[in-house]
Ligand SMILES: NC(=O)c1ccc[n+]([C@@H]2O[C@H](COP(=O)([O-])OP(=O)(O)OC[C@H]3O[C@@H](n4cnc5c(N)ncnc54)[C@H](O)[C@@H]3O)[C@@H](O)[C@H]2O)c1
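This document starts with one chain, in the form predicted on its own, laid out as structure tokens.
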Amino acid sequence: MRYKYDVAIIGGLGHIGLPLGILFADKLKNVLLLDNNLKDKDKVMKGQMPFIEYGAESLLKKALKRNLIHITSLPEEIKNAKNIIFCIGTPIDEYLNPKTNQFLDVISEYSKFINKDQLIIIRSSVFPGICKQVNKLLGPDINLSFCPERIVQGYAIKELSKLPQIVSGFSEEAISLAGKLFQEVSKSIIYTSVTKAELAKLYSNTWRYIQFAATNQFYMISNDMGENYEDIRDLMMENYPRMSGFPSAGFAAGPCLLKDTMQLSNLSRNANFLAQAAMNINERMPEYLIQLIKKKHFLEKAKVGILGMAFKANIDDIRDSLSFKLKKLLSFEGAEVKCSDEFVNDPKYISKEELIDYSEIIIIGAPHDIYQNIEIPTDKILYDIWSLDKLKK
């Protein structure tokens, strides 16, 4: 059977699906981006990225000129695609348990348009065992593969071609077809079993989250003892390779790290005490920062400015950003809070210059590179848990 599209990506306008689709189109694949939310469709079809993804826009414009990018919200359109990639996540509920039924419901919705000649790939992190349930739902005749994404937010275009791609599946044919497809955009392929691939994805994000928790705990201990943590961290790392890559303190947030850590915790029936401790430490950072400030300053009626509302440096994604938790807690203390961000487009935010002029107390919420070079007047009080002054040196 001859298909209209080489690749259909469900969740195709999101942070995972859109960069992947652009890279496939750059390899001359005819790509269908399928998404329930088409608010960014017109923007993308004009060659404009709806979010920060470094290096993507020029490739997008080239793909559009070649008529290789198509966008729809119609599920039945996947009938016309040879390869179908699901870039949908597994959210967690208010009790921090994975909403596995929600993931399976989406698969079920599309299953009626899938046939045995197509390759089905699950791309997002999932609760271990879900792929096996999807395989049961679709049936043994369907070629199903699990190929988790491994990119850092905002740098998918740069990383996809440099990082090895993990490929697993429920049949030799599914594994072979998925490997050949990802060879188009990946540096190398690592073949493994589905369960190992599911766990490797969750372990990777949980390990990063735990590392952030460790350094944040050290930050708290150091401050409680009246010591500068970054000075101690420098001592630990100087000419000592075993500590290379140890992160600085800061807000550990975003749509993946906490969610995947909690999925892993749920897998062990909440007996994963390390994961629980990491969450307690990282989620406490905004509150701890306020406690530090209150030791020296009254917050009631204080004019406080937060520089950076994104969940990490140099991107515009605010999902699960702890800067918002910080803002909420500051307001609860009676502070008058204003926000600024170089990348997030929000009419309520003011420029960094206005924020510095307005504020008595300034807090770095996200360590955007541009904040390394700003001058803070001596009559202002700066709280910088990220230690941008070290990066500036």
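So that there is no doubt, residue numbering starts at 1 and follows the sequence shown. Values in this document were obtained by computation on a predicted structure and should not be read as measured data.
This next part talks about the form predicted together with the named molecule, which is not shown.
*Asks:* With the distance limit set at 4.5 angstroms and only heavy atoms considered, check whether Asp35, Gly89 and Ile151 all reach the named molecule in the predicted complex.
*Replies:* All of them do, each having a heavy atom within 4.5 Å of the partner.
*Asks:* Residues in which of 164 to 172, 135 to 143, 89 to 97, 226 to 234 have heavy atoms within 4.5 Å of the named molecule in the predicted complex?
*Replies:* Only one stretch qualifies here: 89 to 97.
*Asks:* Heavy atom within 4.5 Å of the named molecule in the predicted complex: which of Ser265, Ser125, Ser321, Thr206 fits that? Just give me the one.
*Replies:* Contact residue from the list: Ser125.
*Asks:* Do Glu238 and the named molecule come within 4.5 Å of each other in the predicted complex, heavy atoms counted?
*Replies:* No, Glu238 stays farther than 4.5 Å from the named molecule in the predicted complex.
*Asks:* Heavy atom to heavy atom, is Leu13 within 4.5 Å of the named molecule in the predicted complex?
*Replies:* Because a heavy atom of Leu13 falls inside 4.5 Å of the named molecule in the predicted complex, the answer is yes.
*Asks:* Please check if Tyr110 has a heavy atom lying within 4.5 Å of any heavy atom of the named molecule in the predicted complex.
*Replies:* Tyr110: yes, in contact with the named molecule in the predicted complex.
*Asks:* Just to confirm, Cys256 within 4.5 Å of the named molecule in the predicted complex by heavy atoms?
*Replies:* Yes - in the predicted complex, heavy atoms of Cys256 and the named molecule come within 4.5 Å of each other.
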